[in-house]
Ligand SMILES: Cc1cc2nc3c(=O)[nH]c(=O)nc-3n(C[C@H](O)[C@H](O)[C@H](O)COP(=O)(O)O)c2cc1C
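In structure tokens, one chain follows: the form predicted alone.
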């Protein structure tokens, strides 16, 4: 929780901060806003953002993210402004990249991407995400080796028909499903990694950002993935290709050694691994999408 300070001399008593506060932690007293319920406040900052006379401040929060590779435009983009067409074009133009140049991505740019990630919303404003930057190709290869070790072991288990049977008897067919769906393709990818040095996991990416979250947050997975989407879109505008590497996420979740190597603690979980680099391919048009599947529901409220 971050303390909220209200300058009574500046406050006009408009009540905007009172109306906008999710937990009613601010009240009007004698025609002035007053911060009342500190234990309920989760430091969302709405009160500071809505005040027309800048009478509200919050200790410990920064308004300037201090980007290194570009200058941030100050002020708000108000609802109904901006071009939806440009926003949608950006979203549709970002594609997963599986062919990268050997060119290094600067650490400043990677750090700016992390800062952009933190502008995403989070449940109860917990901002419980953490970002692990792997800035060099050697870091990626090391993570690739750890991931390969995990899948070698998993493939050995999956080839064991008795073990698959026992797992199924215990109430699930997860090992059998993996064997039928992934074993052969993973085995070939491992062979190419070991014998040919071919990288079918990161596809030659030179950097990566791992997004984690605190397990005790209200919705850590959603928080981390919202931050991830911010990073993906920003990377595209910055000239980078990106790709989510789900096989690494799955391996890290099940392998404590990988978590320890990446510096995760017991209360932390991995939610996304973003491969990054300058693309060595140029897409010419957005990919088509499946038809929209949407269901419209209307209910009448039951009244007693």
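These numbers come from a predicted model, not from an experiment. Positions refer to the first chain, counted from 1.
The same protein also has a form predicted together with the ligand, omitted here; what follows describes it.
Although the partner is absent here, residue 282 sits far enough away that none of its heavy atoms falls within 4.5 Å of the ligand in the predicted bound form.
For residue 152, no non-hydrogen atom is located within 4.5 Å of the ligand in the predicted bound form, even though that partner is not displayed.
Contact check for residue 289: a heavy atom falls within 4.5 Å of the ligand in the predicted bound form. In the predicted bound form, residue 258 stays away from the ligand, with no heavy atom inside 4.5 Å. None of 238, 262, 243, 58 but one reaches within 4.5 angstroms of the ligand in the predicted bound form through a heavy atom, and that residue is 243. Among the residues 118, 124, 89, 96, the one placing a heavy atom within 4.5 Å of the ligand in the predicted bound form is 96. Judged by heavy atoms within 4.5 Å of the ligand in the predicted bound form, the contact stretch among the candidates 24 to 32, 66 to 74, 244 to 252, 37 to 45 is 244 to 252.
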